[in-house]
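Coming up is one lone chain in structure tokens, specifically the form predicted on its own.
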């Protein structure tokens, strides 16, 4: 049987060209975060299944890659088997659940306010399509132990700083609060039990429009008066922003918190980017308890970063309430967009050193090492008969200069 050379569905191979860009982007992000005082740590990709399924991860709970029990623990002869009988572990679907477990397990050795930095692959068994993979990398910063607006301000400023360091400048930070969403939606006449379902529909505003939202909510059987009130609320809040939130039962202190974050973040941004209030920002994770935010880049139909406050998740592991908030850069989306914009890794001088079959190879390697001492990245290859064609190939792979080995003096020449 002929071998299937394609990666598993929803997975992908990464070429040297893309890997070079990915490593550079990750390095810039990590270094920016570390310079800002966030501490890099690592967790396993495999978690105990009960930690994943009990995490209020919204629709992601349906997308967990579950791992079969092994050896004597796997009893396939048992009658009435369920998934719980067959699996005890799963691949993490985000980095927040592992962080929460890690913090509770290690907090005696961590700073009282822990500023966490984590980079790693996560896995979701969703429908594979262009730009959406079943395995993808996330870059998260989180602050655990600070329930004040200082945490929101720092996460927004630091994430924006990382993007700016990559020359990503045309972006907007969209900001909302789950407490605002709940107050407005309940004030319009929906029940507590209907809240999550209504949020899912409102989240489609940019895709189906205001009339589409109205039709879908009516089709789902929601109270028509409540639907009408919510549609009017969406229009009014979109026009007036936070100035009308008190009319919908949003507590004064919540409105004050939002306005403070907006005002101070925009002051800090100094025109480099905007932080705006967006009532239609939902974010699907059920564990969010307060502030939620996303970064919209240019006119793309998706965000390149997102996060929010999850003050209950960490404490659920140990029965305490511990404030926590995080911001995650959508690494794959960011890299894909940069590649579409023909992003080049700066200051990477790649040189190819060519040699003849008669040359002593160990001497060629020594010459390559001498060139590397001058700050170049040097690859060694045998010289082809058709030198022009060979040099054109290396130029297409990003090489800037070439040299032909000479035992005395090897001259670097521009590839052009």
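Here the rigid core means the biggest group of C-alpha atoms that line up within 1.5 Å when the two forms are laid on top of each other. Remember, it's a predicted structure, so these values are computed and weren't measured experimentally. Positions refer to the first chain, counted from 1.
Just so you know, the form predicted together with a further copy of the same chain exists too; it's not on screen, but the next bit is about it.
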| Hey, with a further copy of the same chain in the model of the complex, do 44, 65 and 81 all fall inside the 4.5 Å heavy atom range? | yes
| message | Give me the residue from 129, 106, 211, 225 that has a heavy atom within 4.5 Å of a further copy of the same chain in the model of the complex. | response | 106
| Considering 101, 174, 283, 309, which brings a non-hydrogen atom within 4.5 Å of a further copy of the same chain in the model of the complex? | 101
| Would residue 354 count as a contact of a further copy of the same chain in the model of the complex, using a 4.5 angstroms cut-off between non-hydrogen atoms? | no
| message | I'd like to know whether residue 372 contacts a further copy of the same chain in the model of the complex, with contact meaning heavy atoms within 4.5 angstroms. | response | yes
| query | Heavy atom to heavy atom, is residue 380 within 4.5 Å of a further copy of the same chain in the model of the complex? | reply | yes
| said: Is residue 115 near a further copy of the same chain? Define near as a heavy atom within 4.5 Å, in the model of the complex. | reply: yes
| Which of 233-241, 72-80, 274-282, 292-300 has heavy atoms within 4.5 Å of a further copy of the same chain in the model of the complex? | 72-80
| Does any residue in 11-31 get within 4.5 Å of a further copy of the same chain in the model of the complex, counting heavy atoms only, and if so which ones? | 11, 12, 13, 14, 15, 16, 19, 23
| message | Does residue 371 shift between this form and the one not shown by 2 angstroms or more at the C-alpha, the core having been superposed? | response | yes
| said: Core superposed first: is there a CA shift of 2 Å or greater at residue 398 between this form and the one not shown? | reply: yes
| Per-residue C-alpha change between this form and the one not shown, residue 381, threshold 2 Å, rigid core fit | yes
